[in-house]
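Below you will find one chain, with nothing else, as structure tokens; this is the form predicted alone, and questions on how it binds or moves follow later.
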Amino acid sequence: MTACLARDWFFRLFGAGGSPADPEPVFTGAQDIDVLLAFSQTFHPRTVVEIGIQRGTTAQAILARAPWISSYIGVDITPESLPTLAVQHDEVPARAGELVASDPRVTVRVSPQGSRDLGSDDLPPADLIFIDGDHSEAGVLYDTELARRIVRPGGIICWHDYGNSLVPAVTQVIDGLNQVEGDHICLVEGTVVCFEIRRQLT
């Protein structure tokens, strides 16, 4: 079981999030976006990568409150592709990132296998990474390894859907990593978001 950080303590440590405007995003709830907004407003990331950008509702909420972000890279699969898990088949966007397409800071990378068609050389070093793509075991493991290769020292990796019974592999992978690595990944109470702050190089 992954350690859980009380919601009030999280926001004491990392500042207020600021709930996104209506309508609430379909796949990422306001309480989850609050976590990302708190990290953004505290650490002022310049480069953000979102794996599984979908239509761009999460990106829209973050970018509207983060003038310090200079580059936001969204990754997703092509419209004709199907996710590994049947439960995610309805999540494939007709046009990935369409809600933020007019923002010059945004680049969307679309390919048949999404992030699994990318290596660390295909993405820039990032300050904040949000993993919300393929929720199969192989998908979560791949995205985690990819994120850890591109995140800057002191940067933050967030995972979505921990504790979601429809996609149990997310929880299993994170619990497994914590068991082996010593509880580096923490859940924010009242959300399905886990995070890890990567250590500074010494």
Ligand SMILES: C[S@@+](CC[C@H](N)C(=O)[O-])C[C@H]1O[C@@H](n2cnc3c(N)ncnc32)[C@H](O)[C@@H]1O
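In this text, residue numbers run from 1 along the sequence as written. From a predicted model like this one, the values you see are computed outputs, not experimental measurements.
Just so you know, the form predicted in complex with the named molecule exists too; it's not on screen, but the next bit is about it.
Interface residue among Val100, Ala126, Ile77, Ile73, judged by heavy atoms within 4.5 Å of the named molecule in the model of the complex: Ile77. Using a 4.5 Å cutoff between non-hydrogen atoms, Ser40 does not count as a contact of the named molecule in the model of the complex.
Heavy atoms of Val108 never reach within 4.5 Å of the named molecule in the model of the complex, leaving it off the interface.
Contact between Val49 and the named molecule in the model of the complex is not found at the 4.5 Å heavy atom cutoff.
A residue is said to contact a partner when one of its heavy atoms sits within 4.5 Å of a partner heavy atom; Thr57 meets this definition for the named molecule in the model of the complex. Listed stretches are 168-176, 151-159, 40-48, 57-65; the contact stretch with the named molecule in the model of the complex is 57-65, by a heavy atom cutoff of 4.5 Å. In sequence order, Val92, Pro93, Gln113, Gly114 are the residues of 92-114 having a heavy atom within 4.5 Å of the named molecule in the model of the complex; the partner itself is omitted from this view.
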